[in-house]
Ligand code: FO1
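Before any questions on binding or motion, here is one chain by itself as structure tokens, the form predicted alone.
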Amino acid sequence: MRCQTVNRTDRSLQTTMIVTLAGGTGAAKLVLGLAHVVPSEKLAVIVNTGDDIELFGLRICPDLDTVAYTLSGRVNPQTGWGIHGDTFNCLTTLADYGAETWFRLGDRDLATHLWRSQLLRQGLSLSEVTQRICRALSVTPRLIPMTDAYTPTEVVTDDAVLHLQEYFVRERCRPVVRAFRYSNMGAAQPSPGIEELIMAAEAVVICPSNPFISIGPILAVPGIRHFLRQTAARVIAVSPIVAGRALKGPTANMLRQMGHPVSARAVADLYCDFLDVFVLDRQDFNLIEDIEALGMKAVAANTLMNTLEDKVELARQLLESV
């Protein structure tokens, strides 16, 4: 189906709210940059929970925690996830008992999962628990799980259907991907406030995240893709592909295995029904004309974000395109 230019209703904006869709370490980098240039009360982050998993009786929310740890200055800078300086004594002891320990859980990180799981068992929603975690970590931008429902992403491979974390961590992305399933989505709803935030925002930023396992689950929540099509906000996406490769993670392999070219244009095509602006790296400047043929504006920038200054500068450039 040929993509069409998104029609927006002109209006005098009554808010400067910036809303982001985020998942993964690349998203956390951009959110950190935005947090340096947008007042915290005007920044909302809708976070992927499709990678959530239940292990050892605990609810683990990797993307929510990565964003929270990044904004609070606790994240491990070497990995981009987990807590800086964490130890793994509990995991070592679990291995002594014969437990599977392929999912790396640090001791301080476990405290987050213990507290979250206890609050969930007491009847609080994931949104409410996330607010409490953010207050405890002094994270001031608003972090919102995409849904309060448990909707784990499944990866269909040639050999088996795997939970995303089994595919990503245990199997190290080796199996060939044939499809993705977003479990329990039929009964899911967007977390409270998401519709209002998207519809009232000045800009919605799709972070440079894997389109299948980080942004795809958010878009699969009933209603969210519709909100992006209908909002008067400027909807901007940043490419996770630079010069035909992913800087981190399995995005390139997934695009290839799902029958797409490994290029920034392929990512733009996946979002073209709701995008106004697509930001690609300067190394892909030659793709601007092809991307604009999809019915959106294309902008080249430095998207690599190797330093804090890079993150802040990219955030500023995104806001200038609003």
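The numbering used is simple: start at 1 and walk along the sequence shown. Everything numeric in this text was worked out from a predicted model, so none of it was measured.
Keep in mind that the form predicted together with this ligand is missing from the display, and what follows is about it.
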Contact stretch among 97 to 105, 190 to 198, 234 to 242, 221 to 229 - heavy atom within 4.5 Å of this ligand in the predicted complex: 97 to 105
P152, F180 and P217 each touching this ligand in the predicted complex (heavy atom, 4.5 Å): no
Single option in V169, L124, L247, V156 placed near this ligand in the predicted complex, where near means a heavy atom within 4.5 Å: V169
Heavy atom of G33 within 4.5 Å of this ligand in the predicted complex: no
Non-hydrogen atom contact W81 with this ligand in the predicted complex at 4.5 angstroms: yes
Proximity of D148 to this ligand in the predicted complex, heavy atoms at 4.5 Å: no
